[in-house]
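In the form predicted alone, a lone chain appears below as structure tokens.
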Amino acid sequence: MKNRPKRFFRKKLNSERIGLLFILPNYLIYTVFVLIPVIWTLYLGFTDYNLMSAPKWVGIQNYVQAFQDENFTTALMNTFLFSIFTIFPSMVLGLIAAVLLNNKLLKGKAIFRACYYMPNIISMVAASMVWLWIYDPGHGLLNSILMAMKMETKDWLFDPFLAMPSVILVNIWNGLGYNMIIYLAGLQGIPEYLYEAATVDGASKLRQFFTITIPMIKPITFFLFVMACIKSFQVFDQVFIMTNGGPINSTTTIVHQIYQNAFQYNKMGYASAMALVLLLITTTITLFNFKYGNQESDII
């Protein structure tokens, strides 16, 4: 009887050790590929480092230079514009598509769902190449349609006023299917009796949508908004492929500037400072969303 507590604690200790052994690989991967690079980047942000010589400590000079750099401030503004005009249209269109495809009377829903979701599984590199052809000023699909309609053709990716909207359109097209699938899952989780009770009370379909559907999918909306914020502030691939930041920096973004300074100009310290500014922005937005947007939410 006296040995029972000892055996219990010994067994519990052994089970905890086994549990730690199972999660150890994840912690090692996180430490090697996330934590150490972040700490190293934090250090490089305060140095002058060009890969050819040892880092030289310069204090906050890189950060002062970044906010005096016209290219970086333009990239900041472009990234905010890109995020605003990508996130909200993509979420609204995704919700509309989900509501339409959740209609029990609609036939061929599986085909429509596959068509909407297909762009999300296509590599952004491949998708960007296709949209390069669509936007081609000479033989692109869009200008061919305009010419067929006797309308003036456009230099979609070479006009400073049209380049950013053209890139944004690609991102909305790519993300719509993902938002649609998540919203669709949320809509199918709403109890049917809520709509039946509202119908008995005489509520119209539009009123049911705003008083039942929208509040019930609030956690889904919050989740999609946070993920979209993080993704849109890290936009790089389609910008790099379609415009390389041009024309005259009208489509350059923060990550694009980081890439240029790090790998084209060998300004690793300066690029690290930009990366930390980006990290600070995304962390602030995420924390703000969690504080003010996650109320009554239990999805995350």
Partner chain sequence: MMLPFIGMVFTALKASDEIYLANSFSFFPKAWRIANFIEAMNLAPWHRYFTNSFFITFVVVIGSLFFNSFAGYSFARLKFPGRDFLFFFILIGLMVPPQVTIIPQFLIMRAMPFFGGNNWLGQGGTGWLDTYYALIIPALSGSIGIFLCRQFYLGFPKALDEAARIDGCSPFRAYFMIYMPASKPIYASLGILKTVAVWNDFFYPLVMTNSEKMRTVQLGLQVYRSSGTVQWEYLMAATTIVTIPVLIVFLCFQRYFVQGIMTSGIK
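No experiment lies behind these values; they were computed from the predicted model shown. Residue numbers count along the first chain shown, from 1.
The same protein also has a form predicted together with the partner chain, omitted here; what follows describes it.
- Contact check for Pro25, Cys115 and Phe240: all three have a heavy atom within 4.5 Å of the partner chain in the predicted bound form.
- Taking the partner from elsewhere, Phe72 is found to have every heavy atom lying beyond 4.5 Å of the partner chain in the predicted bound form.
- Looking at His139, you'd find a heavy atom of it within 4.5 angstroms of the partner chain in the predicted bound form.
- The closest heavy atom approach of Gln68 to the partner chain in the predicted bound form falls outside 4.5 Å.
- In the predicted bound form, the partner chain sits within 4.5 Å of a heavy atom belonging to Pro119.
- When you look in the predicted bound form, the only residue of Asn103, Ser123, Thr199, Thr153 with a non-hydrogen atom within 4.5 Å of the partner chain is Ser123.
- Distance criterion of 4.5 Å from any heavy atom to the partner chain in the predicted bound form singles out Leu176 from the list Ile168, Leu176, Leu76, Ile217.
- This chain is displayed without the partner chain, yet in the predicted bound form the stretch 123-131 from 200-208, 123-131, 159-167, 77-85 comes within 4.5 Å of it by heavy atoms.
- Contacts between stretch 61-82 and the partner chain, counted in the predicted bound form as any heavy atom lying within 4.5 Å, involve no residue at all.
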